[in-house]
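What follows is one chain in structure tokens, specifically the form predicted on its own.
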Amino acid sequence: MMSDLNEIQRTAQQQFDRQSDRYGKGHILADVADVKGALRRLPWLKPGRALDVATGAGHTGLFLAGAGWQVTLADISAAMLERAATTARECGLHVETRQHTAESFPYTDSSFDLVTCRVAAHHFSDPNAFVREAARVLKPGGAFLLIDGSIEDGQPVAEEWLHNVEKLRDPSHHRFLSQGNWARLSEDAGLRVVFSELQPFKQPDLNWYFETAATTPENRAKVLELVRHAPPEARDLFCLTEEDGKIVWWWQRLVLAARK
């Protein structure tokens, strides 16, 4: 299954295998307040079986395991799964790890009560296939929780600028989808969107992102040039600015929950 990856999948696998050591406890994603807040808005959902897709260092899945869920951590990167499993053991948590793509799951229909994916879907080669797989493996009444960088609908100039920045910074980036596109994919897969909102999320110093993704010096220079010449639409939408000599901006973070 892992031998027939497409180019986008292979690039993501190689990038996260190579950079897995940068996604530990001190990473920005270790703060799971966004996950906690979203789950509080799904009061019918009780701990059961959960699948965390593209788990990375496992921050979301390990939080769920600590909250009483039976968790499967899935990722395309073996190195990421190993890091997540090590953290789980250190925390005294029991989880299952499975290596597979986000576009095809090795699980039977109606296997999980919750499918989560946090700050990863912009790496996927086929978001439509991913959402359909998530819907397929959910039990009736189960929930799909997606958290990812996004952009409000009707912002093509800002979206294209952000895409160019992200692609240069991290070659495994594929595309941010707009809020409306994620809602449509969910509904087309037979899910009912419970809530969908863009939450501003302040990004740290751009240099931190360069280090996390091991951006090449050549691409760092290109990103800085894009920042210097950012169109007004992007500068305004992302509140692009400098603070204490650091380039900072505000992501449009999508938090979407849908019910089967």
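All residue numbers are counted from 1 along the displayed sequence. Please read all numbers here as calculations on a predicted model, not as lab measurements.
Another form, the form predicted in complex with a small molecule, is not on view; read the next lines as being about it.
Close approach of residue 184 to the small molecule in the model of the complex, 4.5 Å, heavy atom:
No, residue 184 sits far enough from the small molecule in the model of the complex that none of its heavy atoms falls within 4.5 Å.
Please tell me whether any heavy atom belonging to residue 103 falls inside 4.5 Å of a heavy atom of the small molecule, as the geometry stands in the model of the complex.
Judged by the heavy-atom cut-off of 4.5 Å, residue 103 is in contact with the small molecule in the model of the complex.
Should residue 124 be counted as a contact of the small molecule in the model of the complex, where contact means heavy atoms within 4.5 Å?
Yes, residue 124 lies within 4.5 Å of the small molecule in the model of the complex.
So in the model of the complex, does residue 50 come within 4.5 Å of the small molecule, heavy atom to heavy atom?
The answer is no: residue 50 has no heavy atom within 4.5 Å of the small molecule.
From the candidate stretches 77-85, 185-193, 106-114, 149-157, select the single one in contact with the small molecule in the model of the complex, where contact means a heavy atom within 4.5 Å.
The contacting stretch here is 77-85.
Going by heavy atom distances of 4.5 angstroms or less, which of 137, 177, 119, 165 would be at the interface with the small molecule in the model of the complex?
It is 119 that has a heavy atom within 4.5 Å of the partner.
Full three-residue contact with the small molecule in the model of the complex, heavy atom 4.5 Å, for 199, 252 and 257:
No, the candidate spot makes no contact with the small molecule.
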